[in-house]
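Only one chain comes next, encoded as structure tokens, the form predicted on its own.
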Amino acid sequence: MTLTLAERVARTRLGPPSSWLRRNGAVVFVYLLVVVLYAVAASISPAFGRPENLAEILRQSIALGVVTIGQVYVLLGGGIDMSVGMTARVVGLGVAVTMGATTIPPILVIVLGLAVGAAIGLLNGVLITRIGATPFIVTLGMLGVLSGVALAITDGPTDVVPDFFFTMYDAAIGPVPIAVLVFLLIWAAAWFVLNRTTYGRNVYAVGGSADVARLSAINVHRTRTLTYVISGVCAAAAGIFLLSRSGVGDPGLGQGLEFSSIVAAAIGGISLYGGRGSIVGAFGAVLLVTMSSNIFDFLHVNGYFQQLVLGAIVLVGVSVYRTRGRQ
């Protein structure tokens, strides 16, 4: 079978043609850490190992997990999105205020919220690809703009949202929350797009080498812009879910999601330089970060120390991938 140039670039960036374990070592290591951490925590507290607690951990990981999907697409395409946390906040607050002040059906409000997220991502993508601006600077600037928008929407907690939102969070099929099932389906769809579609291969190719991808007739601007649109939609979905969990529009909603999503991607083996990594590893990293946070809280570890650990992980991830890139 003859491979196109884009497919060869994508496969090359995914790793050297060696053993399965060598190609997927980072993914395997992440899941081993998840299993070990879960076993240790369950041995310390038997209640931690109960199936219902595992379901709750999965539910707590939804917001970070959905945002991480978008961040993975952006990183694989050679960019970064620092505005995801503020996008989640603006959409969450906007949805809460709209529901409290209008009679628009909740479903329509949710669709409008997702559309706002897509528009924010589209603006990020256009500024980066058409103007040639640095992704970090553009999305950091968008973070500042959205911060002002959030304050303009409300500077305090909003009214309680309708019962429809609580149903979204609490509904379950037996012991399994419906939100968790939807979450897993979203991750499966994200994996399918990246690994079984032309667009997914193009994302890897553009992140690996934009010049080579352009020579192989890939529309680099469109491919990168769409990754930011996906990131915006994912961030908006996370904001709506956080709203359903808290029941009120909190001005602190979505705080730190941009940093945590980058940490999860880095732990999961996604190269911070683009074009390399597996979304399967990123999913395991989301579970690892969520579980670690729960254990830190259980052990009453100071939140500042948690941020120190996450920051150190990012620095190590950057160093490792920089070294590999030179090799």
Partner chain sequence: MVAALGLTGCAKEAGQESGGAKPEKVDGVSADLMADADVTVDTSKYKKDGPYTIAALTQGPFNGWGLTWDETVKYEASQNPDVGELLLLPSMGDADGQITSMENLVTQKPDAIMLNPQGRAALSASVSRAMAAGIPVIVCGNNVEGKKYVTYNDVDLYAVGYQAAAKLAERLGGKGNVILMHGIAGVDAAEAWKQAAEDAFAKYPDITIVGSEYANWSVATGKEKATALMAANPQIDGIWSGGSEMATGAMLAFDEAGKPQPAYGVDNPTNGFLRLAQEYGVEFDAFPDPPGTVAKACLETTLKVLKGEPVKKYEAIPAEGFNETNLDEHYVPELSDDFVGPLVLPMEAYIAAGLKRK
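Model, not experiment: these values are computed from the prediction. Numbering follows the first chain given and starts at 1.
Below: the form predicted in complex with the partner chain, not depicted.
Colleague: Would residue 249 count as touching the partner chain in the predicted complex under a 4.5 Å heavy atom rule?
Modeller: Close contact exists here: in the predicted complex, residue 249 approaches the partner chain to within 4.5 Å, heavy atoms only.
Colleague: Can any non-hydrogen atom of residue 164 be found within 4.5 angstroms of the partner chain in the predicted complex?
Modeller: Flag for residue 164 set to no.
Colleague: My question is simply whether residue 187 lines the interface with the partner chain in the predicted complex - judged by any non-hydrogen atom within 4.5 Å.
Modeller: Taking the distances in the predicted complex, the answer for residue 187 is no, it never comes within 4.5 Å of the partner chain.
Colleague: Does any part of residue 169 reach within 4.5 Å of the partner chain in the predicted complex? Heavy atoms only, please.
Modeller: Residue 169: yes, in contact with the partner chain in the predicted complex.
Colleague: Identify which of 116, 226, 242, 110 has a heavy atom within 4.5 Å of the partner chain in the predicted complex; exactly one of them does.
Modeller: Filtering the options by heavy-atom distance leaves 242.
Colleague: Select from 127 to 164 the residues with a non-hydrogen atom within 4.5 Å of the partner chain in the predicted complex and write them out in sequence order.
Modeller: Residues within 4.5 Å: 151, 152, 153, 154, 155, 157, 158, 159, 160.
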